[in-house]
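As structure tokens, one chain now follows by itself in the form predicted alone.
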């Protein structure tokens, strides 16, 4: 298990993380969402031991991460930059990481590269941005760590390669209970890969939820009532958003679907539809309900 307990991280006068508590279970595909500067990358760098916390504890399987070689051998971090080791060939990059990760699998590396067909003896600075990303992903998977951390994992990949890389990640998660943490500002990508996600805003966790339960617990209602209805008429419902447009009333409500249907039907609607919400809409309305004015998630 990964645990952040009261973690604070500052850079001079800027507080990147402010007293953050977070737990991520083994085998989880976990998403970190938020706009640029929300604190996503800082969490990943703390978990990989690049940064040390200014306050609190960063723990993996009961051990502090920073300056702990035994823990860091079990974590592979893919950051959002592609300039590192640019003077190496892919073969040299592979051998470099092989020296640090005792579980490195040549067989896995060859199998993965057979899919994407990157040249082994071409300098990485001659690769496109997408090829650089592919190179570090297959190297990271071949290290066979227990934890894989990806910062903006699919940046620079064309649509076809995004599908291939996602399949590689899913296969590794299923094959060996790999715990994967992916940071992104793109809700669609998190929704496709992750089963749980946390939303960060200004260095704080806004909420952390199982995505399936989140989707099943928020509902969009479109209804027309025979008499005028106001928000106060549904006081026993947890309403995140209420809007009227001529004869149609739009309601975003949180709770059990059966209860919400009963309450709407009690008003004898002339028209009543429940419309599925996208993950993006759910997050936006959740944050509105909490009083946040948040923008920056695609």
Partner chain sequence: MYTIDLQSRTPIYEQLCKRITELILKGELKPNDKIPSVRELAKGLGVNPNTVSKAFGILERDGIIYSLAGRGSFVAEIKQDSLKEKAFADFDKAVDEALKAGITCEELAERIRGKEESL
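Numbering follows the first chain given and starts at 1. Note that the structure is a prediction, hence the values are computed from the model and not measured. Whichever C-alpha set is largest while still superposing within 1.5 Å between the two forms counts as the rigid core.
There is another form of the same protein, the form predicted in complex with the partner chain; it is not shown, and what comes next is about it.
Within this chain, residue 192 lines the site of the partner chain in the model of the complex, having a heavy atom no more than 4.5 Å away.
Proximity of residue 286 to the partner chain in the model of the complex falls outside the 4.5 Å heavy atom cutoff. At the 4.5 Å threshold, heavy atoms of residue 281 reach the partner chain in the model of the complex.
Although the partner is absent here, residue 201 sits far enough away that none of its heavy atoms falls within 4.5 Å of the partner chain in the model of the complex.
With the partner removed from view, the residue among 158, 175, 106, 92 that has a non-hydrogen atom within 4.5 Å of the partner chain in the model of the complex turns out to be 175. Residue in contact with the partner chain in the model of the complex (any heavy atom within 4.5 Å), chosen from 209, 144, 220, 72: 220. The stretch that touches the partner chain in the model of the complex, counting heavy atoms within 4.5 Å, is 25-33, out of 25-33, 63-71, 50-58, 243-251. Applying a 4.5 Å heavy atom cutoff to the partner chain in the model of the complex picks out 166, 167, 170, 171, 173, 174, 175, 188 from 164-189, in order along the sequence. Relative to the superposed core, residue 49 undergoes a Cα shift smaller than 2 Å between this form and the one not shown. Once the rigid core is used as the reference frame, the Cα position of residue 176 differs between this form and the one not shown by 2 Å or more.
The two forms, fitted on the rigid core, differ between this form and the one not shown by 2 Å or more at the CA of residue 262.
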